[in-house]
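We begin with a single chain expressed as structure tokens, specifically the form predicted alone.
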Amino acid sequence: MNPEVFEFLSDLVKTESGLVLTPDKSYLLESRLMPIVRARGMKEMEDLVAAAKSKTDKALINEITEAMTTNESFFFRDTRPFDTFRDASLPFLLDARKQTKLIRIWCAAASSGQEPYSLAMILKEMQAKMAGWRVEIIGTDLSTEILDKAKNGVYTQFEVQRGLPVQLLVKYFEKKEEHWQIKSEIRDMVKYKPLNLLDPFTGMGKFDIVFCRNVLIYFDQPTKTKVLEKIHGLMPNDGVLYLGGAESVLGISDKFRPVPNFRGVYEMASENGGVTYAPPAAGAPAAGVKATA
């Protein structure tokens, strides 16, 4: 790829989304943006750059940004965070919020919906303990196209085979020709809205739990720090942040600190902040799998 083309497009994507693309990722730019070139009747990437430079076609800018920021997701990804959510976060909040009986959860960069729906299925499996409670799950993403897929809740056979326990597939999905659609009772538990993590988080409200997993790794350090600071501003003193296994707040933000014994889980670092989680139990059932008496 022409170095000038790469420089313009990588700068554009970073400005619009925070995503940092190094020169070794030029193949990714080409593979994701050439379909846009062809769909618009252009011949080459230079034509795309020329159109984007005019800055008059905001839809094109959005197409480029969404194509580069749509990431892969699957149900119960990495398993352990969902075990922690079920076995530590929920018991803690059921005690801490017993007066209000309200829990709010935010899945940032929710992509095609597998993460928020995984949380919804865990909550559905615990409905006997949740009687009288209201749980709000908000899923956000920069891409409106991927959010439409999430709202529809329709997945391929390949997508439902990745991480989803078969008993939950049978229980909470319906076969739709060659695809599977998650039932409305689960879809209705999640609300989706477009949000760019670089923009202000106005109107979001407070969240007891924030999942922002496998997102920060794509940002440079100043952007990571700003995003973490904004997330911190939406959380109470006993709020908890979930990050991806390869992510950390260490050396990036002093707003959060690790929760002991729970990798990838962070509590508020203020003097009055923090949670009390029991150590993870050995031999606990996998996330989404109902324990038997």
Partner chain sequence: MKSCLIVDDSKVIRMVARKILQELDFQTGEAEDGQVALDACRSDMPDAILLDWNMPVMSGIDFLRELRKLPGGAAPIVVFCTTENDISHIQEAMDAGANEYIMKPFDSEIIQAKFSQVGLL
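Numbering follows the first chain given and starts at 1. Just so we're clear, the structure is a prediction, and the values are computed from it rather than from any experiment.
From this point on, the text means the form predicted together with its partner chain, which you will not see here.
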Choose from 140 to 148, 216 to 224, 169 to 177, 186 to 194 the stretch whose residues reach within 4.5 Å of its partner chain in the predicted bound form, heavy atoms counted.
-> 169 to 177
State yes or no: in the predicted bound form, is some non-hydrogen atom of Leu123 no more than 4.5 angstroms from a non-hydrogen atom of its partner chain?
-> no
Is Ala88 close enough to touch its partner chain in the predicted bound form, meaning at least one heavy atom pair within 4.5 Å?
-> no
Looking at the partner-bound form in the predicted bound form, is Arg97 within 4.5 Å of its partner chain by any heavy atom?
-> no
Please check if Leu198 has a heavy atom lying within 4.5 Å of any heavy atom of its partner chain in the predicted bound form.
-> no
Heavy atom within 4.5 Å of its partner chain in the predicted bound form, from candidates Leu93, Ala110, Ile105, Leu164, belongs to Leu164
